[in-house]
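In structure tokens, the next block holds one chain alone, the form predicted alone.
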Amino acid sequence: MDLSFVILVEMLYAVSSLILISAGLAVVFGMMKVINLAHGEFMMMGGYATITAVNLGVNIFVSMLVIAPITVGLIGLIVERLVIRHLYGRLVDTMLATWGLSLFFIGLATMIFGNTTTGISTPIPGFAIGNFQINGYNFFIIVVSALLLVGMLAVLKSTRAGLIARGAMQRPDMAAALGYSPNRIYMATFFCGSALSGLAGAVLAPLVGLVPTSGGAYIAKAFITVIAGGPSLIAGLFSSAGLFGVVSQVFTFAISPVIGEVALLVAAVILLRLLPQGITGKFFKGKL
């Protein structure tokens, strides 16, 4: 019974981690069709923003949930205004530009923080379940991911801003005809996507040792999750993260963590071979 509970929590944690890692990219790529190869570096900057704020005496939860998302969101806003807005509709150029930005951010972080590993302690201690030890911080990540999904769904489906953003992504000419500026909507959407990336990096920072190249560990998983999810933003993110998280943890417990990572990649290849349009390209059509 104890082992079953631990496995369930670890599966929920794996799914929640994929949702967190991929949410910002899902907004930028899923809504704007911008391939942001600097997504991992935005997460890295969220982690450093959290560590810096904590070292300055700010409460860790305020640092993670407020300061890091706002900081990275503002950086994303500057990037969108200076670079991205000139490249909409130019897929290859956007990829090259964001790849260059990722190298720039890595170099900048190395200059400021050095290339040594840094980090912060988890604010929630672990506890024992029978003969097993479980990380209490995992529950925090599960709750944050669940609230994030619910919040994204509520904003996109039930608010005027969300409806305008969705409409502008599908028909920018119609949005402009109705008096809304597509450029401002793109700017706000990129800000939100960047802020979500910063939030993910901040929330995961207590679990990992942070170095300027840490973003590379997240980018592949994020793209796999978003692409495999298909055209529906929330349903695709939840379904693909759920599938890959469960597959990864099953093989992790059965064999080893390395095989769990390999199993995730193999599952993604098989899924995209069988469903080239992603999960929501075949199922959950019409869902947000």
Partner chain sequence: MPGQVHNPGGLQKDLMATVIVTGLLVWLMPMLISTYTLTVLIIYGMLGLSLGLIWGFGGILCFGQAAFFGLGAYSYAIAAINFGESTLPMILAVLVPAVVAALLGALMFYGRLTDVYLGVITLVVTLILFKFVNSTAGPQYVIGKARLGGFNGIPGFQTLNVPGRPEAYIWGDAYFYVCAVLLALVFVLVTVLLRSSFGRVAVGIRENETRMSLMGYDVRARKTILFAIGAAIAGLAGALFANWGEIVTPSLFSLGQSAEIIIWCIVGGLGTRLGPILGAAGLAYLKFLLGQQSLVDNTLITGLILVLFVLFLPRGIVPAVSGLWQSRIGRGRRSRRPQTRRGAISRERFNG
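Numbering follows the first chain given and starts at 1. Keep in mind it's a predicted model, so treat the numbers as computed, not measured.
What comes next is about the form predicted together with the partner chain, which does not appear here.
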query	finding
Candidate site Val9, Leu148 and Gly151: all three near the partner chain in the model of the complex by heavy atom within 4.5 Å	no
Partner contact for Thr110 in the model of the complex: the partner chain, 4.5 angstroms, heavy atom	yes
Contact test in the model of the complex: Val92 vs the partner chain, heavy atoms, 4.5 Å	yes
Gly167, heavy atom within 4.5 angstroms of the partner chain in the model of the complex	no
4.5 Å heavy atom contact, Phe251 and the partner chain in the model of the complex	no
Partner-facing stretch of 140-148, 67-75, 191-199, 94-102, counted where any non-hydrogen atom is within 4.5 angstroms of the partner chain in the model of the complex	94-102
Position in contact with the partner chain when the complex is considered in the model of the complex, options Val246, Val54, Met31, Ile35, heavy atoms within 4.5 Å	Ile35
Stretch 245-263: residues contacting the partner chain in the model of the complex, 4.5 Å heavy atom cut-off	Val258, Glu261, Val262
